[in-house]
Every structure is written in C-alpha cells, then in structure tokens.
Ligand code: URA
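Shown below, as structure tokens, is a lone chain in the form predicted alone; questions about how it binds or moves come after it.
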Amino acid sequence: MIRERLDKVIASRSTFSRKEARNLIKDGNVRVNGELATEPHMTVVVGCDSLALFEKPFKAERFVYIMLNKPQGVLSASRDANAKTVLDLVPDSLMRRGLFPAGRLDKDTTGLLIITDDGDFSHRMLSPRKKVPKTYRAYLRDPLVEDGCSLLESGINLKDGTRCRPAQARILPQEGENIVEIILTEGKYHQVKRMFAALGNEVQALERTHIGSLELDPNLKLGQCRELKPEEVCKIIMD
C-alpha cells in the first residue's frame, strides 16, 4: 500500500493547485472515511480510503480513463487558442490536471476517443509495435472497387508511395450507402482517407467505433463522455 499526502492527492487529481488544496482541507471541505480532515499533511491510502470534497465523493485513483464520442468540428488537442478542443467537452466531475487525448481523430472525424492522464498507457495504445487495432466505419462516395477489400488487406500503397500495413476490410450491407468497416494497426496521417483515395474513392464521413476490443458506448451521444470501468481499460491493451 502506498500512502500519499492528502493535499497532494487532491491537487494531482483535480484542477486545484497544491495551495488551494491545502486551504480546502483547512477550511473543512474534505472528509476521509467520513471524518472531517483539517490537516493537509495527513496521509491516505489511495484505493482504500474514501475521500469526499464538498460532501461529494472524490475520485482519488492515480489515473483516469475517459471515453468520448467525439463530434465533428472539435480538435483532438488539450488546448487551442482559436478552436474548441475535446477537453472542453469533459465535465467538471471528470476534469483534472494533466488530461490529454490519447491519439487523435481528425477535426471532421467522429467516434471513439480516449482521454487520460496516463502517459504510459497512451504510449502503449499508440505504439506501432503493440499493433492495437483501431476500427473505423468509412462512408464512401462510390461503391468500393472490385477486389477493393483484398487490395486493402494485402497492404496498399498510398499515392505518395507510402506502403500501409495489411488492414482488415469488409463492406457493410446497408441499402443506399457505401460503407466499409476497416481495421488498422497503425495510424499514419489521414490514413483511412488516403487509403481509399489510392483506390480512386473518397471518404465522405469517418467514424471510429473500436480501439482494441473496446466498443464505443452506443448510449453516448456525440459530444458526451464517461469514465471507463477497469475492465473496459483492459479491453484496449491486453498485454
């Protein structure tokens, strides 16, 4: 068991500074295991002791993992002076210092995006060596060319000569729409769009539906997010 100072726990798991956390404790706004805590230097065992801030449960886990259903027009960035970012969609109840999007989706791409403060987790999820699959649903301008899935699965060359890893692809049978599900284990710049462009087609809309075996929660509307359960985090990285 690891013990940490109470003021450090609050500051590192919220947007409060260390000084503000100390003042919150001294002013009687924090409880530990139901008892009023007034000493910032007291220690707690994260994961065992229960904390409350302003009489509401305070999540003291070291890291947080958030599933976002990203809408169009929002940047996959922590901050931007001129545009709305995915962190602007995180509610105050989940906001804490150090959050960032693990990977990115293009501004006009929708779907599953993970927001966390765990840098090691993000690295493992995004590392090409780990080959964590990402599943997308591509809405195409035209029907996929004959043998298009086979070409994608063999490892297609982009127009600039870049060779892609073999992907998995299948046409989704939805009447009146040209939709292809494609699974990648790498993340080159605008890769899905460039892969279909190499086949003479155009991606008109793109949605990410899975990372690893984690599926986007169908109950999350565009722009909504929620914290992942521990077992859901494990679905992203299995090693």
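For clarity, every value in this text was computed on a predicted model and none was experimentally measured. One rule holds for the numbers: they count along the sequence shown, beginning at 1.
One more form of this protein, predicted in complex with this ligand, exists but is not displayed; see below.
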| property | result |
| --- | --- |
| Stretch from 161-169, 124-132, 81-89, 100-108 whose residues place a heavy atom within 4.5 Å of this ligand in the predicted complex | 100-108 |
| 4.5 angstroms heavy atom contact with this ligand in the predicted complex for residue 190 | yes |
| Contact flag, residue 206 vs this ligand in the predicted complex, heavy atom cut 4.5 Å | yes |
| Within 4.5 Å of this ligand in the predicted complex: residues from 123-144 (heavy atom criterion) | 136 |
